[in-house]
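A single chain, nothing else alongside it, follows as structure tokens in the form predicted on its own.
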Amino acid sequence: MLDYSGQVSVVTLTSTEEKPAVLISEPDTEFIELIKRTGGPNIQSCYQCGTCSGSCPAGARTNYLVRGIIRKALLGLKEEVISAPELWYCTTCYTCTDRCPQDVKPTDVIKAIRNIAVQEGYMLPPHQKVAQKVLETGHAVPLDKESWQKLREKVGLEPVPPNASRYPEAIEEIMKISKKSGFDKLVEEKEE
């Protein structure tokens, strides 16, 4: 719909909360191409049927709407999409991808947009902390060595699980990859 200033006014939602109409004077068409290159090549096949949002377990318990994020992305609303906290509500269960009649692969689209968001400096603090833990310890949820080792031994398991925690050289490799790719800089705590 056109408003009196000649701008296109579009009502889009990324969550179940009511939000004001978004005015689009110049949509960022490069954003769609970036999403396609980053891992969401089928985004433009979406015709907004709502199957993704209707089948989303996270959406059933939060204000998350997959369809709303994809719609805003298709409108080129890059800043609104990458800064939306709802972008991080997806649990990557792939239910939406399994059910999508257009093979949009919504989970891949969401992951691509998240990658773009991180590159642009947007990441929820809990995700940032998990990424930092992976870089420090090689594992997202490091175990308290003494108490967990004793418990694991007590039930007949090896003291350290077979993940990067067991292999210091793996942690070194994670750090090298992180530094080489610049991921360590993306997840470091920013001073405000």
Partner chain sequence: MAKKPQFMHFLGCIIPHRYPSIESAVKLVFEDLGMELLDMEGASCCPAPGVFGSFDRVTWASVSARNLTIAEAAGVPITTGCNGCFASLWDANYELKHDKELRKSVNENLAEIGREFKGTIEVTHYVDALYSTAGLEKIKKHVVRPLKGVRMALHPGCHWMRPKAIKKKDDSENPHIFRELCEVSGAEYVPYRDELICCGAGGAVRTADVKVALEFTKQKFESILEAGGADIIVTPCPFCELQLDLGQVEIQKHFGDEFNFDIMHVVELLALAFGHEPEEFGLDTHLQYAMRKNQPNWERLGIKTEG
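Every value quoted in this text rests on a predicted model; they were computed, and no experiment measured them. Numbering follows the first chain given and starts at 1.
Another form exists, predicted in complex with its partner chain; not displayed. Remarks below refer to it.
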property: Partner proximity in the model of the complex: Arg67 to its partner chain, non-hydrogen atom cutoff 4.5 Å; result: no
property: In the model of the complex, Thr92 touching its partner chain (heavy atom, 4.5 Å); result: yes
property: 4.5 Å heavy atom contact, Pro142 to its partner chain in the model of the complex; result: yes
property: Its partner chain contact at Ala58 in the model of the complex, heavy atom, 4.5 Å; result: yes
property: Within 104-129, the residues that have a heavy atom no more than 4.5 Å from its partner chain in the model of the complex; result: Lys111, Arg114, Asn115, Val118, Gln119, Met123, Leu124, Pro126, His127
